[in-house]
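Take a look at this single chain in structure tokens; it is the form predicted alone.
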């Protein structure tokens, strides 16, 4: 099981260091049953000393080792901090920042060629969800265009776009149905993301074919994130 925190554009270098130290100590005190991932801002990267189940990853990168790409972060910069885990395809990068499926696949394959762990995000807008499960699955499968779903270090995060940062959560039946349909073709771990918080994480993790969570807003407070790790310990 994976419990992952996506900081998005939140926390400073100082507060990230404090957060990671707090979580690392919490894991060291016997809370090491599952994998923990933390995705801070790139400005907060450092050579952290971490428990073996914990990794600090990158929210984004440009698919080059280095080059003339003003404002971007390449793999040479990630390597300096031993970054092994990457988020790719998050809806905010698709819908707000305009990343096309072609570019997302290019990033995926660049990371795959370098054997990085990839949390690959897919999700549908509300209008598609309201059209029914067949429309949802058609939309989701299109987001796997040119993506190797057999890649051994792939983790898939299902995040309905309308539930990210809105306080809305897909109902348990919808999560279970969508994960079951994804499982028909995908053997990789399946996470759920979308307004996950302390109050609902146990119910979400109890869904069949749900192998963890990718948490946004509710993970930014260190005590809450540790509480979610603790609750995950009780599930499996």
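Predicted, not measured: the structure shown is a model, and the values here were computed from it. Positions refer to the first chain, counted from 1.
Below: the form predicted in complex with a small molecule, not depicted.
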statement: Counting only non-hydrogen atoms, the one stretch of 170-178, 26-34, 66-74, 192-200 within 4.5 angstroms of the small molecule in the predicted bound form is 192-200
query: Which of 122, 136, 104, 163 has a heavy atom within 4.5 Å of the small molecule in the predicted bound form?
result: 163
message: Just checking whether residue 16 would be counted as a contact of the small molecule in the predicted bound form - the rule being heavy atoms within 4.5 angstroms.
response: no
